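First comes one chain, alone, set out as structure tokens in the form predicted on its own.
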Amino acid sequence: MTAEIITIGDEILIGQIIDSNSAWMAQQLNFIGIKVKQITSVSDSETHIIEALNAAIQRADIILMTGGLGPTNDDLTKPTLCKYFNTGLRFDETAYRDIEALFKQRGREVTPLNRMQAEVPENCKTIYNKNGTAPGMWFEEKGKIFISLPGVPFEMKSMMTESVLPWLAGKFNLPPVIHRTILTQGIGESILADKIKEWENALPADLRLAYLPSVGMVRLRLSAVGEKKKTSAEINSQIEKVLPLIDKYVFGFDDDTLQSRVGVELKKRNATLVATESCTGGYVAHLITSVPGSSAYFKGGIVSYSNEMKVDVLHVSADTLKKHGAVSEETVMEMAENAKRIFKTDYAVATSGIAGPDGGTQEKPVGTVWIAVATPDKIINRKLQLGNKRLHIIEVASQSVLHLLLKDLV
């Protein structure tokens, strides 16, 4: 089975918001064996929506739409679908009860405009929305399946997970698609490819490898279609072969994150952590605390952005700063060791660097970052050169110091 995803909304086309829905939907469809042929974005225009639908039915068996289901005049998806399928509207009592319940939770009365959102096309199956006021719609017309969902990500995801994906899986005899993803940090895509080229060239024909780079990381995804137990065993066997080639860069698999892996290992040891940051400005602490339950091991963080803070709060030696500078091996080691002692933790991480665009010198250009990890018995440090993009430097430095910590923990 093949699918096309159509995202509807002017806000996407003018760059006001990023279309994260399509990526997530494509991933979930792929997991159940449905191949996405195309992703299309169109404006809030009846003409454009109908043109996109007519084109999509030439390419795909399933057409999924997101967006344009709100209560205001610029939300045109529902009336456009009524016109496209030559149907009127009916009032869905169950959808209205969901809307009433949502408004009651918020201490508000349902407005006439919101009541109208319980109206759905007569010939659709309603996809109920427990998290918002816009129900979704499922049509089976012209030998195709058309699905329309709200554009709000958490509403769409819940409706996909609870209704759409199970309905699709139950309707079609879909071949299982198995994926395993190796997560790496601290190595570029081309260098990684060079390290594993012989392994990649020897992969069985029924296994597909994809390189999925993102900021500071590269994911290696192995995919295959077939009987689950046999296919999983084949993929796992290949992973065992490649890991020795890239082990120093691997931090996890599939849905792992650096911060979640760090949390798991700290919990195993009943150990605590503090973060002291300069150039990363609290981003390390943000990553750590994005993990539910991180209060069990994370005591907190200090953003010691100025030299005064480094001296007054972290007791970094003024002589060290004068002799070596804030961005130096000596300073970042003192930051980590002193933070561990002051806050009485088992581990501490520290970052200090030049995030730019100003502040670089010939000896220390923009992108120079020192990171350090203080453990119960030693201090580990690394020097990084991370280019000249400020946000890139902050993100990659934060990932790198967590990876440095993780490698010591495991």
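Sequential numbering from 1, following the sequence displayed. Keep in mind it's a predicted model, so treat the numbers as computed, not measured.
Although not depicted, the form predicted in complex with a further copy of the same chain is the subject of the following passage.
*Asks:* With a further copy of the same chain left out here, work out from 315 to 323, 121 to 129, 140 to 148, 189 to 197 which stretch has heavy atoms within 4.5 Å of it in the model of the complex.
*Replies:* Selected stretch: 189 to 197.
*Asks:* Considering non-hydrogen atoms and a 4.5 Å limit, which listed residue (246, 302, 164, 235) is close to a further copy of the same chain in the model of the complex?
*Replies:* Checking each option against a further copy of the same chain in the model of the complex, the one that comes within 4.5 Å is 302.
*Asks:* May I ask you to state whether residue 173 is within 4.5 Å of a further copy of the same chain in the model of the complex, using heavy atom distances?
*Replies:* Heavy-atom contact with a further copy of the same chain at 4.5 Å: absent for residue 173.
*Asks:* Can residue 88 be called a contact residue for a further copy of the same chain in the model of the complex at 4.5 Å between heavy atoms?
*Replies:* Residue 88: no, not in contact with a further copy of the same chain in the model of the complex.
*Asks:* Using a 4.5 Å heavy atom cut-off, state whether residue 261 contacts a further copy of the same chain in the model of the complex.
*Replies:* Although a further copy of the same chain is absent here, residue 261 would stay clear of it in the model of the complex, with no heavy atoms inside 4.5 Å.
*Asks:* Is residue 240 near a further copy of the same chain? Define near as a heavy atom within 4.5 Å, in the model of the complex.
*Replies:* Looking in the model of the complex, residue contacts with a further copy of the same chain do not include residue 240, since no heavy atom lies within 4.5 Å.
*Asks:* Heavy atom within 4.5 Å of a further copy of the same chain in the model of the complex: which residues of 2 to 29 qualify?
*Replies:* Going through 2 to 29 in order - heavy atoms within 4.5 Å of a further copy of the same chain in the model of the complex - the hits are 12, 13, 14, 15, 16, 17, 18, 19, 20, 23, 26, 27.
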